[in-house]
Ligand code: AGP
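Only one chain is included here, represented as structure tokens and corresponding to the form predicted alone.
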């Protein structure tokens, strides 16, 4: 997730307002930033790595003169966070500048094609291909808008982008597919931005650009059209009455809820990871004698799901290990034939880094799934995959968890293809279903929000809550329990349901909430039996399942029905209601879910 902003104002320089807007977008990304303006029919660009204030102190953005400009603050996805990869990106002639939030999935194919046509690339980003592709179309198109639309129609993936060209020095061209972009106007001044907060100091007259639309901004005017056929779109501006802090949360009361609702986007970004990197990681895993999946907290739960995925899809055993226990438990047995797959949102989790460093000393191959480029974990890994979830401000992991799962599925399918462990028909069916998971999550969020509010009201005063799962959703039970406990402070227990009679059933008493996760696979009958066990002893059972039959209803005091997906994909789908449950329980208890006590976003001490 990055932040972009564009401004047209023929009455004066725009650099000061671009800078102010960038500062209000910095929560969307903060590893590099840049600005481009057109002055005297020439393009002027300032950019570098670092925080916006650091770059401003070094170069002074306000020295840029011009009445039209675009700017960008970056959360790196393709290419390390350095000056050459910072936005804006320009074409060969220095006449086009592009800022972009999202992922261009076919950028490698486009880049190869453009290089064969003589284009020179400076960065390792996906964004730069947009500038060169636009340049190529402008060679043969007299009409700039036509060249812009042809460029958009060649792009696969998700994007919100804004483009300047000296051929039309009083226009900003922008577009949106699966990434947010809003437009604003105040008299002759016109704006575009990733988020409303950056526009509120200048205007409250806002109109959203919807998926599959582009806009041409000119002084005092905004023209919106559909990318597919160029047909015009009429949409009224709204006058907003909200503060900047409220707007940063898109109207949500907390960042956690906003980030839960961002998951259709963040999962899709994670699924857009480049195949060549997946192939490299799969090669190392396939050659390993043993694979250890090392992580902490929520990332450990993702690792547990990963172990099921690798076994089910590729017939590869992966041993999930809590990072703080790894060295004591396995340190002396690690060898050069082993691989460590470390999972960390921040890439700075101290116990994960300690485990990885000790394994590396013994010659193991270090692999990683991480959300922060240039973090310590990326620097010490042989291969890392960037999950591309964007910054997560709420302390409790939500979108980063499902993003990690999405990447692990991609690794699993890459391994399965390499090892020939799935038939082509089954592979095609699974991959197609995985690509539709973001749509399923979007539907689920609309469907289950009300149910989870009601459930939160029922459990908010409970003495404790128990989560039960089997198979791949044992990890989901762990994650549901962690979310509820860390932000609502209700003591919670999670365990594989098969352990019920080995001790935990002694905790069951009348009225105790038991949340059961039932998927449609070989564990279904066993899970139903476990729910009978606790219900017959007085527990109140809340069952989350994509199944709705007599067997399920018989063991459910309350059934939370979720959309049907194959059992292997249920960890993503079943996690969403549990995130909402934790959130609403916290709020009903008068707590701040964004800032749970005693917790920090990144644990940098052991």
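What you see is a predicted model; the values in this text were computed from it and never measured. Residue numbers count along the first chain shown, from 1.
Below, we turn to the form predicted in complex with the named molecule, even though it does not appear here.
Shown alone, this chain has one stretch from 432 to 440, 297 to 305, 161 to 169, 272 to 280 that lies within 4.5 Å of the named molecule in the model of the complex by heavy atoms: 297 to 305. Site residues 101, 177 and 194 are none of them in contact with the named molecule in the model of the complex, judged by any heavy atom within 4.5 Å. Proximity of residue 388 to the named molecule in the model of the complex falls outside the 4.5 Å heavy atom cutoff. Taking the partner from elsewhere, residue 486 is found to have a heavy atom lying within 4.5 Å of the named molecule in the model of the complex. Taking non-hydrogen atoms only, residue 344 approaches the named molecule to within 4.5 angstroms in the model of the complex. In the model of the complex, at least one heavy atom of residue 482 sits within 4.5 Å of a heavy atom of the named molecule. Listed residues 367, 406, 309, 396 were compared with the named molecule in the model of the complex; 396 is the one with a heavy atom within 4.5 Å. This chain is drawn without the named molecule; in the model of the complex, the residue among 473, 349, 73, 198 with a heavy atom within 4.5 Å of it is 349.
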